[in-house]
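Take a look at this single chain, the form predicted alone, given in structure tokens.
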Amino acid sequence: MTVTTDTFFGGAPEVNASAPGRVNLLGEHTDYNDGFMLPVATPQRTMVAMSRSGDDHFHFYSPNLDATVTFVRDGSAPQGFGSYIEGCIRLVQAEGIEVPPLRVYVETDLPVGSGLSSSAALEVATLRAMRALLGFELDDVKLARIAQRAEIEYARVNCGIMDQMASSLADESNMLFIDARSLEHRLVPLPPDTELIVVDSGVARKLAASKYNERRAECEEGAKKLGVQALRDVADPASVESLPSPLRERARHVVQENLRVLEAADGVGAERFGELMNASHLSLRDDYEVSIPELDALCEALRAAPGVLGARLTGAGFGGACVALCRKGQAQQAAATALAAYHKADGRQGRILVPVPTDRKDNDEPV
């Protein structure tokens, strides 16, 4: 039986905080290569309510999972949504900040498994709630770095920094340009008179974790063979052609993807931005090999819809969602048209994630 916040806290919580998911428009698989990215925040968010626990135990609850995690002050959470929260707590403690046992209530309307980074939203929302409750001073970049470490060290996902930076610093109206090496960042407006469509393919990202680690290792090997610290340091894009396959293809994608991000961040028109998104998807499909037929079919359906300027998969690949740029005022109809064509061609039921449909039901998937 789902527990309400009033029941969980015995009244109102001491603080509330939230953080968005993210959609990446350009710069896929570049963050762990010290490269560049252009994500934007989603309308959907993860909400965290928090209070001091009043006893010697941490208590976490997710109504999406209808699951409770409880452990003693010096204990540890089991793997699952509690490990992300515990990681944030332990790493704040490592900063020399005293953290008492807490009660944490987590609720999200982010769809899990669609590539919108519900995990980063959970981490950043947890850290924001702790900052509000305990009054410590850590800026938003520092929060993103702690959130990334929590995911790596406690949830055991060897992720880059993009998702946490986007959740901590992005908004829904602007892209966030990020340099993964320096963490330089700035807001960049979307092309004029455009809006975004994000559509879930209906295919869960079952291979994403193992293939992510494989691609990361291939990129590191390619950089080593080219004599650079990371693929972002390749000065001559043609030099990657000297690498053996598949390192050649992996490096080609990363180097060209970085160039696409830099061009877009300098400011391009809507049509050119759409062309860059299309080129990114082809590169992810052919060189990085992280797309699947369903994502390809969904992108084709989106590109064929009236008002759509470009489309690509978003997230790690092997399932999840596609993002498209379209002319302002046409997103909802274009997404519906694309979904109908996708269903006819592939037989799958996708769903619109952004813009949020007015008849959307609350998400009942787990954090």
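Bear in mind the structure is a predicted one, so any value in this text is a computation, not a measurement. Start at 1 and count along the sequence shown; that's the residue number.
The same protein has a further form, the form predicted together with alpha-D-galactopyranose, not shown here; the description that follows concerns it.
- Between 328-336, 297-305, 29-37, 61-69, the stretch whose residues reach within 4.5 angstroms of alpha-D-galactopyranose in the model of the complex through a non-hydrogen atom is 29-37.
- Remark: E123 does not count among the residues lining alpha-D-galactopyranose in the model of the complex, judged by a heavy atom distance of 4.5 Å or less.
- In the model of the complex, alpha-D-galactopyranose stays beyond 4.5 Å of every heavy atom belonging to A251.
- Residue contact with alpha-D-galactopyranose in the model of the complex: A166 places no heavy atom within 4.5 Å of it.
- Contact annotation: I161 falls within 4.5 Å of alpha-D-galactopyranose in the model of the complex, judged by heavy atom distances.
- Note on the partner interface in the model of the complex: the residue among M47, A341, A316, L309 having a heavy atom within 4.5 angstroms of alpha-D-galactopyranose is A316.
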